[in-house]
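Below sits a lone chain in structure tokens, taken as the form predicted alone.
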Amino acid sequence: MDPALVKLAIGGLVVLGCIGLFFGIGLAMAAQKFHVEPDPLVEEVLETLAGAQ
């Protein structure tokens, strides 16, 4: 194999890894910022409706 092709492949993997890390951190921050506490009443209603069939 040509060493230039190996360098190119490794460079591509590094770039894709960095992009994945960047978007992963961004998604984690967005999930933390837009977190919504669930309403306990919704769970109670869903529990009651599940047995109504």
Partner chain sequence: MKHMKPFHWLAIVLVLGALTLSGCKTEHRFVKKTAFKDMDKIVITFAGPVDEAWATNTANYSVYEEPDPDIVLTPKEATLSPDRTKVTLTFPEALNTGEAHILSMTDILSEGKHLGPALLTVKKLYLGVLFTLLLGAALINNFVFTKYIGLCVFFGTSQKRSTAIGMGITFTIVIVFAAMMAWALYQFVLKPFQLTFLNIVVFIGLVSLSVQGVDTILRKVNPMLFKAFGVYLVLVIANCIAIAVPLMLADNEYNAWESLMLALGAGVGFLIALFLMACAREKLELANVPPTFKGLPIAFVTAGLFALAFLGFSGMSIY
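Positions refer to the first chain, counted from 1. None of the values given here were measured: they were computed from a predicted structure.
The following text describes the form predicted together with its partner chain, which does not appear among the structures shown.
My question is simply whether P40 lines the interface with its partner chain in the predicted complex - judged by any non-hydrogen atom within 4.5 Å.
Answer no; every heavy atom of P40 is more than 4.5 Å from its partner chain in the predicted complex.
Is there a heavy atom of L8 lying 4.5 Å or less from a heavy atom of its partner chain in the predicted complex?
Close contact exists here: in the predicted complex, L8 approaches its partner chain to within 4.5 Å, heavy atoms only.
Verify the contact flag for V45: yes if a non-hydrogen atom of it lies within 4.5 Å of a non-hydrogen atom of its partner chain in the predicted complex, no if not.
The answer is no: V45 has no heavy atom within 4.5 Å of its partner chain.
Please check if A30 has a heavy atom lying within 4.5 Å of any heavy atom of its partner chain in the predicted complex.
Contact check for A30: yes, within 4.5 Å of its partner chain in the predicted complex.
Residues within 4.5 Å of its partner chain in the predicted complex, restricted to 1-24 and counted by heavy atom:
Stretch hits, in order: L8, G12, V15, L16, I19, F23.
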